[in-house]
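First, one chain by itself in C-alpha cells, the form predicted on its own.
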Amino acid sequence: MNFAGIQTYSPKMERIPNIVIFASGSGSNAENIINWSKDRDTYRVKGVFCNRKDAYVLTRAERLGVPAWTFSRKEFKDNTIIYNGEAASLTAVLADLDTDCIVLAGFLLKVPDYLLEAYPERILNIHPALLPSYGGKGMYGDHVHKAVIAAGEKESGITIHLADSQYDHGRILYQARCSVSPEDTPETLFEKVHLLERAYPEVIEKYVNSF
C-alpha cells in the first residue's frame, strides 16, 4: 500500500461516489446516512472515523458492518492514524478508501488545513441552528439550543454546509426550519431539530452525485 498517496478527482463521477463519516458522539446521523446508502446505493459509506474510543457511533458502525477507526486530537491535527496495524497519514488512508467526500456528523474537532486542501468543497457538515447565527467554537448540541431559547428566537433549524477553515462556516447547501415556542426547553428543541436532520442523507446524495 502506498501511504503517500493523496486523493484526486475527475471532473465528473463515473461510478457510485464513496464517502466517509467523521463523528464524535452517539452517531444517530451516521446511522441514518449508512442506512440510506444501503437502501438506495447512490453513494457508499467506506468507513467511520472517530476521535473518541468510547463513542457509541463505533458500536453503530460495527452493527451496520461499516469499518471504523479512531484517532486522538493530536493524531488528527498531525495527519496520523493507525490503519490495519500500521502508522499512516490520514490523507493516505482516505485515498486508499477511494474517498470522494467527507461527511461530518456530530464531529466536534476543527477540520485541519491539510484535509481542506486535499478535499476542497468535498467536506460537508450539519449544524443544529440556522447559520450564520449560533455557530462558532463551542456552539454545539445543547449549547446551541440554550442560546437560541435565551435569545427569544421564534424559529431554529438545521444548516448543511461545506466546511472551511472557520467553525460552522462555508457555503450553505440546505436549511430547514422549525418553530421555537415559549414553552420549549433545550430538550424539546433538540427533538424538533433532530427531526429535521433526517434530510442529511438526501442532501449528501444530491451533492455527491452532482460532481
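Residue positions are given as counts along the sequence shown, with the first one as 1. This structure is a prediction, so every number in the text was calculated from the model and none was measured.
Not on display, but discussed next: the form predicted in complex with a small molecule.
*Asks:* Tell me, please, which stretch of 171-179, 39-47, 148-156, 25-33 lies within 4.5 angstroms of the small molecule in the model of the complex when heavy atoms are compared?
*Replies:* Flagged stretch: 25-33.
*Asks:* Can you work out which of 141, 132, 120, 112 has a heavy atom no more than 4.5 Å from the small molecule in the model of the complex?
*Replies:* Checked against the cut-off, the match is 141.
*Asks:* Spell out, yes or no, whether the shortest heavy atom distance between residue 126 and the small molecule in the model of the complex is within 4.5 Å.
*Replies:* Result yes; residue 126 sits at the interface with the small molecule in the model of the complex.
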